[in-house]
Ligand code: NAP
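Have a look below at one chain only, the form predicted alone, in structure tokens format.
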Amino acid sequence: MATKTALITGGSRGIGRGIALELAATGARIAVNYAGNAAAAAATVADVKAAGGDGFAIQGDVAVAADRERLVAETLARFGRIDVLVNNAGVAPQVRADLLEAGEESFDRLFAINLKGPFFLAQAVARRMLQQERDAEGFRGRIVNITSISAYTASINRGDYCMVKAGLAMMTKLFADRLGNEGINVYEIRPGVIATDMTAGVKEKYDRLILEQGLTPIRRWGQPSDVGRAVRAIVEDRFPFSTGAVFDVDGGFHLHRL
């Protein structure tokens, strides 16, 4: 693992940080992408190094083509190769609006950051991975897309978010099919209710739903480290004969229960 390099988008906080720290514990080298919070990214890099890995912070908006090119170029300049791409960066709607009232500005913003950016970044990284020598397990690389239970759970006051996550789920299948015979496996990790900055505003609501009403069979909030451990298992090649697979990290939310 010490020779493996991971590029993690949105890696400075929340789920991305949890992933970075789990991979750092294996000795991996990590490019911590961030959009605007340089201090958080620097803190994550420091924690990555303290955990036994190596890393550096790199600013970039995945919705911008030039920034995506720079993310790839600077990671390669620093570490020489990219073994793992984690498409984690994503935003929620700034204003929740009913489907009949939703506007184009939020729609365009979410599709640009949460779907277009990951698609074209995966495309660029996959092209580079195809030029790399296979590792000891026969892989040229791995791509992990972080989606959400919103990929299949309807929320009519944030339909744009649900649609982009559903699109990212299909994107996983497409890249898995295209790259499966090339030594590049592609996976989807589908988190449930995870304690991050994004969910801080609805903490009281989900405390009630989870702890009192049993929204999930495992009655606790998910933590960024829960998602990080799932990514770590993939990066450690625990699933070499799986691609296009979905890993639910949701406390059992996906179960249909009576």
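Everything quoted here is computed from the prediction, not taken from an experiment. When you see a residue number, it is the position in the sequence shown, counting from 1.
The form predicted together with this ligand is left out here; the points below concern that form.
Taking a heavy atom within 4.5 Å as contact, would all three of G10, V91 and Y161 count as contacting this ligand in the predicted complex? Looking in the predicted complex, the three residues G10, V91 and Y161 all sit within 4.5 Å of this ligand (heavy atoms).
Using heavy atoms and a 4.5 Å limit, would one call N37 a contact residue for this ligand in the predicted complex? Contact with this ligand, yes.
Answer with yes or no whether K165 is in contact with this ligand in the predicted complex, where contact means some heavy atom within 4.5 Å. Yes, contact at 4.5 Å.
Is E69 near this ligand? Define near as a heavy atom within 4.5 Å, in the predicted complex. It does not: once this ligand is placed as it appears in the predicted complex, E69 has no heavy atom within 4.5 Å of it.
Does A20 reach this ligand in the predicted complex if we count a contact as any heavy atom within 4.5 Å? Looking in the predicted complex, residue contacts with this ligand do not include A20, since no heavy atom lies within 4.5 Å.
I need the one stretch from 83 to 91, 172 to 180, 125 to 133, 96 to 104 whose residues put non-hydrogen atoms within 4.5 angstroms of this ligand in the predicted complex. Within 4.5 Å of the partner lies stretch 83 to 91.
What is the one choice in I218, A46, A233, M198 with a heavy atom within 4.5 Å of this ligand in the predicted complex? Checking each option against this ligand in the predicted complex, the one that comes within 4.5 Å is M198.
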